[in-house]
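Presented below, as structure tokens, is a lone chain in the form predicted alone.
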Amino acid sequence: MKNFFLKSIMIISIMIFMSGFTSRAAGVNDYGTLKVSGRYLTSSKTGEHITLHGVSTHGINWDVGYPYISKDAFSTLKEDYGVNAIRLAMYTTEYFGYCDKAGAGETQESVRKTLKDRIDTGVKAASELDMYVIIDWHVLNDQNPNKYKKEAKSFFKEMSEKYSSYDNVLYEICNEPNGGTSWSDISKYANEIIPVIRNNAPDAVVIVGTPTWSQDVDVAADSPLSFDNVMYTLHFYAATHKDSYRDKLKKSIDKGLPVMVTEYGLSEASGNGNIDTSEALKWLDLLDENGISYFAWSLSNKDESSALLKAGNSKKSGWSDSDLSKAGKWVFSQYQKRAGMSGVEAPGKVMGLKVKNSKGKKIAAKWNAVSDADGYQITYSTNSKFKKSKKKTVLNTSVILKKLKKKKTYYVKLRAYKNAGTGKKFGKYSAVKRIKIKK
């Protein structure tokens, strides 16, 4: 009887511990739709408190942002660096802005269509890769979100209708209110926008900006909105925002506010200037300790210190360390470490890849086993540089590639992987094989 009592106490203790457990989300298939429980982002499927370690695009309005909206780019982020979520930052003003196109030569309606098409590409790419995705209404120079509230209502009505059946879409309704915009102003806006989203996506997580460039989460904590499944943004740039800003976060945590860092950088607040990895480490440790999700700014090759890629780098996916900026190397190494990918040695290079035509517009591929591999990833494309490539993961040493195009030449390459935490550690690619589909 005594042993039974002790075992019961142990089980209850474990259950209490697990109810507060925070796990890094592996993917949508594992965790399903997200919801807000207390101050935590929570899986509707397992009930676990989870965190997202994400990356934000730069403005998808411009050529430093939209070229990286692709399945190949997102796949590189996920598979090589342990990223599990994407934020699509769509500026509402400035050149090619959704609400004010400024000097863009296209009509405003044409600009809007282009931006919505880019969002659709991003949402679908993230969905195919089992990643979460934020659609971000990027208020900045317009300062007060109420300025374009009518346009925001129309936009979020359309987005929430279109993606109502998607388990992985979150909505960020105002990026960085500023210029004296008060929490009262933001609350007024949110109280009108959130019901528009709720009409179509009643359980979707909605993320609301806070005053002073989304830094005053402590102000929001004093008077949170009355809706369920709402989180509040905190943005920081490590070389500028230090202890006093972490104190704001701690105050909001103490009051139970659900916070998400939808944008952070290692640089100064301008997005440029010095990088401070020491302060950034303090931030990420604090966020992980408290189960708070975060998104690095930005997936771009812009000539500024917050960009994750080197200025002018032409590669749109498949980056190596030499393609990353100083900030990118640090951010991605941290993500790998926090995903449990560090310390795992990459498997050996795949040798002996052979491909041949198979009946019905198919390719039969086989290769030699790599002794320390958990599986293999085969990549194929009609482009020799593997643009718009397709990837398939297999556990054995052969595969049939199907639904190929007749009389097209395909390029095929392969790499082995080891399972590492919530991600995979990949080895080097095999030699590329070239084959033409005969029939």
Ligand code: IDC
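The first residue of the sequence shown is number 1, and the count goes up from there. As the structure is a computational prediction, the values presented were derived from the model and not from experiment.
One more form of this protein should be noted, the form predicted together with this ligand, which is absent from this view; the next part is about it.
*Asks:* Tell me, please, which stretch of 126-134, 244-252, 175-183, 363-371 lies within 4.5 angstroms of this ligand in the predicted bound form when heavy atoms are compared?
*Replies:* Of the options given, it is 175-183.
*Asks:* Tell me, which of 91, 156, 74, 295 has a heavy atom within 4.5 angstroms of this ligand in the predicted bound form?
*Replies:* Looking at 91, 156, 74, 295 one by one, just 91 meets the 4.5 Å heavy-atom criterion.
*Asks:* Ok, 288, 276, 304, 167: which has a heavy atom sitting within 4.5 Å of this ligand in the predicted bound form?
*Replies:* Comparing distances to this ligand in the predicted bound form, the residue within 4.5 Å is 304.
*Asks:* Give a yes or no on whether every one of 58, 263 and 269 sits within 4.5 angstroms of this ligand in the predicted bound form by heavy atom.
*Replies:* Contact check passed for all of 58, 263 and 269.
*Asks:* Would residue 237 count as touching this ligand in the predicted bound form under a 4.5 Å heavy atom rule?
*Replies:* Residue 237: yes, in contact with this ligand in the predicted bound form.
*Asks:* In the predicted bound form, does residue 138 have a heavy atom within 4.5 Å of this ligand?
*Replies:* The answer is yes: residue 138 has a heavy atom within 4.5 Å of this ligand.
*Asks:* Taking this ligand as it sits in the predicted bound form, which residues of 386-412 have a non-hydrogen atom within 4.5 Å of it? Please list them.
*Replies:* The stretch does not touch the partner at all.
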